[in-house]
Each structure stands twice: as structure tokens, then as C-alpha cells.
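Read the single chain below, which is given as C-alpha cells and is the form predicted alone.
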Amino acid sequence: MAVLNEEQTMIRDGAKSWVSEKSPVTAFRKVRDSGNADGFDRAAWKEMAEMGWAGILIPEDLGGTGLGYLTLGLVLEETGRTLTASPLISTALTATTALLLGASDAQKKKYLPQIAEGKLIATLAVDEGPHHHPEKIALAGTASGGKVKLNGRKTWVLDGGTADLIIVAARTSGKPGDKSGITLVAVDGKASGLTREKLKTVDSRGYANLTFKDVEGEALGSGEGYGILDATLDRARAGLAAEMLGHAAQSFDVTLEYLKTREQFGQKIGSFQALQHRAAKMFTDLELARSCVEGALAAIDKDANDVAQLASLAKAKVGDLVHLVSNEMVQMHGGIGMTDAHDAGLYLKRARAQEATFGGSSYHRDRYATLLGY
């Protein structure tokens, strides 16, 4: 486990307290059952921004606190525990990173203070098919004097139905599969020619498919964007892995408590050796995944040269972990675990969606091996 400084400990403890009081799993159920079209509670998001969570990555001179990725990861782990649906991943992590790495000074001043205040919801639109393949971008961008006209489609955009700012990865030259020729384009959510199709997903989060028909946007920075996109995605993967870690840790804690209290055949089911072995497997995998996630986040903060490898390692490890623990949570709870009345199904569904976002475990195992020269 990473050694935290006083400020990080305080932020983590504050996040733990807030999610348990203001955003327990019952709050997520309420968002789901109410048919909330946003996929998150805007009042809760306002509170998160007031606590400074939206600006953790943003420098102080632009309205944030500049506390880094490990600190944001601590918050994401706590929100992951209670399945809190919010724009933290899409806005405070992913879009903010793209702006920090790729935007001009003028663009940073335009957008980042608004994000830090919680007034601007932003997202990154990358994928165009059912699987994560950022180098296969085909959405056409015609560049002219800093402006880019977009034509094409993006799928499974997190908070794509509500985002005020959409950072679109477009192809301005070359063909799908080429790493060159990618430009990141800032598009206003109200832009003419943009059509949004909100999706009803298994984990009840706010995804959308976006269609662009002669939509005009502004190129981020100098325009050459694949390197920025790749670095942005690695930071998004590490942050999402932190949220997934929290999700897995809570699933394990709930299951362990059940093993200690549920009686069958006249004794606690936790006394059965077969279940003890399965619990031990989950515990060791959880600790290993935690090391991978915290290692990736710390490497980002240090600007280390192995961020890509560590981000893929973390996402692959924790992707396997959330499947294992959410499956075991359902199975060890028996019949009640199969019902919607119990939370197990909510964690299992979120695990499936999280694992696929920004690349599944198989994608990242392959990428990790490739980066290491295999």
C-alpha cells in the first residue's frame, strides 16, 4: 500500500465519510430506479466539486489544487465502493487530462477553471465500435485554420449525453490503423450537427453514442494528437482501475461479512474450508491489484517512463479481479445473491461495464506484452 501524506489521508477519509453518508448504494439505486436520464445526481456532483474533487488534477492557478493522480485515485476508490455514478471519470480525470496534456494556454484558461468549479461537464470520445481500438479511429476531420469539421460516429462515450464539452479524437490524415494523423478536437455540446443517442446500459451509467454531421470544433494545441491521446488514455485507465479497485474491495468486504454471519448445517459457512480457500484467493488478488493500481498512479505523478506498461498492467489485473470478486459475491450469497433486492447484482453489472471501458483485460495483457517487446 502506498504511503500517503497528511493531505492525501485527509482527502481519502473525507471521501470515505461523504460516500457513506451522501452516496451509499441506496443512492445509486435511486438514480437507477428514477429513470434519471443523466446517469448521475447533479446535486451530488455539485457537492463533489465544492469539496474540490473536480479540480484535483488542475493546477492552482487555474482554480484547482494540483494534487495529482494518486490523490484522485484515492477518491475514485471510495466512490467505487458505493457505485457512485458521477462525472469524475469522464470530466475530472479523462477530459481534464486531455486538456492538461494537449490544450493551448488559452484553451486551458477557457475550460479548466469551469471544470474545477463543477460548472462544465466534459468527456473524451474515442471508440467507434464495440471494442477499444484507439488507433483505428476513422471519424473524419477536415482541418482549416485551427478549426476542424467532423463527420462520423463515436460509441459508448461516458457521460456523452450530458457533456457540455466533448473532446473528440478525429482522423485528419492517413487511414484507420495509422497512429499519425489523429487530432483532438474540442466540440461544444450544443454544436450544430451533433446528435446524441443516450444508451440504457446494464450498469445504469450515462453512456451515449454520438453522431457528427459537419460539426465544427477547435483543434487542441498544435493538432498532432495520437501521443496526447495515448497518454490521456493511460491516465484514464489507471484512474478507472482505482475506481474498480474500490468496487472489488467493497464486494469482498460484504462477502467476507456474510461468510462470518451466515449459518448453514449448524455452523458459520465461513468455517467451511472450500469457502476459506476462495476467500483467500480473493484477498491475495485484491492486494496484488492494489499494488499495481497505486504503482501506476504514483508513476504518473512522477512522470516515469513506464507509465504505459504500468497502466495496462493495472487495468488488466483489476479487470480480472472485479470479475472474480463480483462472481464470488453472487455465488457465496446463494439465492439472495441472484435477486435485485441484494446489491451483489449491481456490483456484478458494474464490473462488466468497467472492465470493457478503455480496453478490457485481454487488450491490456496484449498491450503490456507488446510494450515489453514480446
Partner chain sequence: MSAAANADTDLEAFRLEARKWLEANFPPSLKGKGGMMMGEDGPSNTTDFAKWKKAMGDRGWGTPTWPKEYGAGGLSTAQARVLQQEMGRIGAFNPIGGMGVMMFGPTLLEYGSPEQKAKHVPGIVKGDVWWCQGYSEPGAGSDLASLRTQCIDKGDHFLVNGSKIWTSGAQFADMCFALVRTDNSKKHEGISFLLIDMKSPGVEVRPIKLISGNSPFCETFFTDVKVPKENLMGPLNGGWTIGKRLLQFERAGLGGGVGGGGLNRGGEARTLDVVAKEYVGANDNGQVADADLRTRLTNHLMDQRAFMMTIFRAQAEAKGNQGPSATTSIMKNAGSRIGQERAELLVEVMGHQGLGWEGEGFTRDELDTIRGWLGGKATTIYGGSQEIQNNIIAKRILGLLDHQ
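Here the structure is a predicted model, which is why all the values come from computation and not from measurement. Residue numbers count along the first chain shown, from 1.
Omitted from view is the form predicted together with its partner chain, to which the following refers.
The stretch from 39 to 47, 306 to 314, 66 to 74, 332 to 340 that comes within 4.5 Å of its partner chain in the predicted complex, counting heavy atoms only, is 332 to 340. In the predicted complex, its partner chain sits within 4.5 Å of a heavy atom belonging to Gly345. Residue contact with its partner chain in the predicted complex: Thr82 places no heavy atom within 4.5 Å of it.
By the criterion of a heavy atom within 4.5 Å, Lys200 is counted among the residues contacting its partner chain in the predicted complex.
Proximity of Thr155 to its partner chain in the predicted complex falls within the 4.5 Å heavy atom cutoff. For a residue to qualify, one of its non-hydrogen atoms must sit within 4.5 Å of its partner chain in the predicted complex; none of Asn151, Arg171 and Asp234 qualifies.
Just one of Ala138, Leu256, Ala191, Leu275 comes within 4.5 Å of its partner chain in the predicted complex, counting any heavy atom, and that one is Leu275.
Between the options Pro113, Gly181, Gly129, Pro176, the residue in contact with its partner chain in the predicted complex by a heavy atom within 4.5 angstroms is Gly129. Contact annotation for 348 to 374: residues with any non-hydrogen atom within 4.5 angstroms of its partner chain in the predicted complex are Leu348, Lys349, Arg352, Ala353, Ala356, Ser362, Arg365, listed in sequence order.
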